[in-house]
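Structure 1 and structure 2, given next as structure tokens, are two forms of the same protein chain, each shown alone.
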Structure 1
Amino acid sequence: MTPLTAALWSIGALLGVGGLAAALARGGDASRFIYCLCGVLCLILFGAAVVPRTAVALTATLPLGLPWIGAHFRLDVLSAFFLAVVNLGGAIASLYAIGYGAHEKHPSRILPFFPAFLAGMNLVLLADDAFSFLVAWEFMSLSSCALVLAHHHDAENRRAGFIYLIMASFGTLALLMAFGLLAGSVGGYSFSAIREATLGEYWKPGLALALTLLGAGSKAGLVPLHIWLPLAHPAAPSHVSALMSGVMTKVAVYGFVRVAFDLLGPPAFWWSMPLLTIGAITTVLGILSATIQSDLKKLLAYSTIENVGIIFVALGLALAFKANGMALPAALAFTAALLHVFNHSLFKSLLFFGAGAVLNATGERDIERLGGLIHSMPRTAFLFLGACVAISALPPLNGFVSEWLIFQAVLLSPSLPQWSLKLLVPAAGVALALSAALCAGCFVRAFGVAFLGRPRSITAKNARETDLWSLAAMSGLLALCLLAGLLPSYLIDTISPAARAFVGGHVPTQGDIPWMSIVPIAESRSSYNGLLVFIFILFSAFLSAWIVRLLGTHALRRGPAWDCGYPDPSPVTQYTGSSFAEPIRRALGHVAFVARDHLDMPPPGDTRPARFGVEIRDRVWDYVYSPIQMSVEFGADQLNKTHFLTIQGYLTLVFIALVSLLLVVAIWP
């Protein structure tokens, strides 16, 4: 049994579990059983992805789908990598859900779709012809949409589901057209046929790339197609939002890589420019929007947008280097992108799990109503802090490694021959640096306001630590984050076959370097050793703690909170999330959104308090989606009149249509 057959059987089994869940979900304690099954199947799929160490691609054809064509599946180094990412995320999400799903009031709305969603994502990764790819892609979209709509009694969730559905259909449409263009008039829809065909003319590959960027970007969350993420992620249950954010956006990245690096053929240098530009804009706008959010899951969703931007910048760099035949820098950027895919899937899942644990314990997503959770949920707080450190790209955790590699690739940009790229890449690098700094600020705020200080609401005060299953899942993720940060050399070596296959070069083998350092280019240029940094941090931290305890008092004291001199014990006097974000909102807010402060000052003699309010509107909504919405509504209004025609009117329409078609036939040369 080859790994591919094992994978396909497991995907079939996942679909079967979905059907089983639909049958079982009504009766009692099915959710634990179903999530266990999902977890086991994900582990099998993970194994199938990890076991083959060869660069040889496995293929299979199933008699499904279009008659005479069938469905083609292929497991190569790239899909194996993404398969591993998806199923690691899926297995841990299932483990988390064993605990988290017990609190679910309506498990029958989630259980059947969760395995289906996992199966859909896996199928996208294995598909080897455009038809199965698109079917799997749409299956993934629809099953996740069903999960977003799990709590559909809330009008906001219905809106989120609707917008998600629209964006997903738009993305699939764009991808459909891209594949149509790639297949050409001959219509070879299998990827091997597309690979062999050359698009030839100058505009065709560019158009196909643009359509793929639209299609994959709408799923991954590139600005301005990101609007569904901050709506859909809070709406879905937390383990699903972790999957959607940490894993499904990566499937979209896979789709883009598959087309741009594989199917489109040799790249032109200007392909990288839209990627770099859009990626940089996405990064900055994403993290700026995240910084001002007070809804914890919305904040995480915006941070996902930022990370997707980072990945796309790295992919753009890889394309630029590849187009210029610079194999090593291209491999570096490509490796960095894939490594960031892996890393982001780990810490973003962990963050969403933490947010889910907080949501379960307090019923709150708004960080302005949390606070002090470190006392009531110390373990969750520690794990969440770890993920915050990782996503802020602080060594020794894994976020640092991939972002550091991306910066290494950015620093190689002066050797690019094109002046446009020489100017654009450092600008994108500046955007990355800015967003890295803002990201740290954003997560200091998220952790500080939600977990530190005093509780701002009764529910936050009465919070309980989350269950053991969830804690186990989160601890596993943090351990993986730490491992990936300490031993990145093995991950880089794992990615290098993919880099060799897709950009034609690879980063020097890292596993042989002593002391587990990573040296992406040359020793003289830069190297990083996570293990040493970790040991140093541990050592210096313990040393300073020891010295402090040695010099200071041993007694543990708990004093009253400092209240700026006012004897008001209310927790409202604490520094809030909005206060934390205010300087950034003032300084940079106008880039990303329209923030309008308004002051409601009572007239003299009125004793009611004055109120400050902030109104924040997304520019993307104002400039992109509102016009689209207005034109659609206008068109619908116009077409609506045809619902009220007379019988003769309808007959006349038919008549005119027929006659004009005949006229076309008559006039057509």
Structure 2
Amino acid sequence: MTPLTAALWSIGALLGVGGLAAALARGGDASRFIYCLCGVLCLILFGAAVVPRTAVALTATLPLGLPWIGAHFRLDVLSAFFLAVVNLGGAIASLYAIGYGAHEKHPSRILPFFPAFLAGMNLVLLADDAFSFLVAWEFMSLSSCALVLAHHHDAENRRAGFIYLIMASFGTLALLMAFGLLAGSVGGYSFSAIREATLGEYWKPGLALALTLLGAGSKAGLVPLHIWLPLAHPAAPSHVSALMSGVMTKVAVYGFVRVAFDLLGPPAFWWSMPLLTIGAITTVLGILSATIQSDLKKLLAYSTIENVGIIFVALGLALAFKANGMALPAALAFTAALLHVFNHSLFKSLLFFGAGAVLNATGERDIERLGGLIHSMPRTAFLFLGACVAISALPPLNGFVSEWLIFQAVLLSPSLPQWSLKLLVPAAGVALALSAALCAGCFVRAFGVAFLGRPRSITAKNARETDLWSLAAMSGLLALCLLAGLLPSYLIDTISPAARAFVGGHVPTQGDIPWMSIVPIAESRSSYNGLLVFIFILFSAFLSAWIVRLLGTHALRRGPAWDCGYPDPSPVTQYTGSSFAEPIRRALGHVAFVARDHLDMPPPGDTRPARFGVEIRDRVWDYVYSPIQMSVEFGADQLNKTHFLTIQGYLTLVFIALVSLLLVVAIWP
């Protein structure tokens, strides 16, 4: 049995598990059984992606889909990489859900759609014709929308599901138009026919690229198509949020890479410019919005927007270098993008799992009502801290490696011949550097307010450590983050075949470099060794502890803590997340959102307490989507009047329509 055949059978089994879950969910708690089956099938799919094989793509055709072409499936080096990312995330999410699912009040709303969601994502990666791709894409969107609406009794969740469904439909429509343009008048909807066809006119490839960017970007969360993401991800159960944020957004990245680097043919240099611009804007706006959030899951959702922007900046660099025939820099940027895809899937899943553990233990997502959890949930606190270090791009964890590689590609931009790119790429690099600094501050705030200090509520004070299944899943993810940071050379060499196939080059083989270092271009330019950095950090920590112990006294001395003049302060006097983010909000916040302060100060003599609040509104929503919403409502109100016309009115409308059609026919050549 070939890996592709095994993958297709496993996807069929996932669909069968969804049907089985629908039958069993109402009869009792079958969550552990269903999640175990999902985990096993995801491991089989992961094995189908990573087993040794030749670089030749595997193909299969099934008598489904459009009658004249059938359903085509293909497993090549690119789809295999993303297949591994999706199913590694799916397997660990299934393990986490074995424990997390026991706390779910309505498992029948989740169990049938969870395996269907996994199957839909896998089908997108294996589809080799436009019809199968779009059907799988829509199936993925609808099943994930059902998971977002699992807790539909909450009005905010219903709103999140509605907006997500609208944006998903818009994305599918954009992709449908892109594939229609690529297929041309002959209707060659198979990817092999699209590769062989030529679009000819200068504007057609650009239009197809723009439509693909709209379709895939709406699913990935690119600004200004991101509005659904900070609503839908917090609304879903935490293991589903991890899949949507850490995995589904990468399926969207795959869709864009498949079209831009494969189906569109040789690129023009200007294709990279919208990617670099939109990616840089997405990166900065995403992390600025994350910095001010008090809802822990919404904070993580906005940080996903930031990381998607980082990936698209790297893809824009790869397109720019490829268009200019610079194979090695293109391969570096492409490799960095795919490596960040893998790294983000790990640490973002871990962060959502940690947020789910906190939510189960306290019932709270608001970090202002948490605090002190490091004492009651020490293991979760340690694992969440590790994920915060990884997403902040600090060595020796994996987030540093991929972002460092992207900066190495940015430093090669002066060799580009176009002055527009010479100016745009450094500007994108500055945006990446700013977002990296803001990201570190964002997660210092998130961890410090949620886990340190004293409990700010009774629920936080009474919290207990999460279950062993969840801890096992989170521990595995942190171990993978550490391994990917210490030994990135193996991952880079794994990605190299995809870089060779899609950008025409590859970075030097990292496995041949001694001491497990990575050298993306040449040792004279730059190199990095995560293992040596890790050893140095451990040595410095132990040396510092030994010196303190050697020079310090063994006598125990106790004294009152400095109380700033407020003896026995209440926990509410601690630094809050809002106060932590206030300087950034005032300095940079006007770029990303509109903030309005509301102060209710009673007059002198009135004993009522003063109240202060801040209203935060997304500029994109106010300036883009609110006018669209008002226009649609106005148009609907006007059209509604046509339901109450007289017979004469209807006849007049018919007469105007007929005259208009006759004029069009007469004028049209």
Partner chain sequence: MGNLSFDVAHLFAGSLVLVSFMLLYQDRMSGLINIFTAHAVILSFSVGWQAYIQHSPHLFVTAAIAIIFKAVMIPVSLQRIMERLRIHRDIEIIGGIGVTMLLGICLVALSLVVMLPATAAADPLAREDLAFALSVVLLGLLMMVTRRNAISQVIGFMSLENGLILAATGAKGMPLVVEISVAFSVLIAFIVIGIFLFRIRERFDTVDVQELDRVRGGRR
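Here the structure is a predicted model, which means the values were calculated and not measured. Numbers given to residues start at 1 and step along the sequence of structure 1. Rigid core: the largest C-alpha set superposing within 1.5 Å between the two forms.
Subject >> Index of the chain form predicted together with its partner chain, chosen from the pair >> reply: The chain shown as structure 1 is the form predicted together with its partner chain.
Subject >> Large Cα move at S626 between structure 1 and structure 2, threshold 2 Å, rigid core >> reply: Moves: no, less than 2 Å.
**OP:** Using a superposition on the rigid core, decide whether the Cα position of G649 changes by 2 angstroms or more between structure 1 and structure 2.
**Re:** Shift of 2 Å or more: yes.
Subject >> Core-aligned CA shift between structure 1 and structure 2 for S660 (Å) >> reply: C-alpha shift for S660: 5.9 Å.
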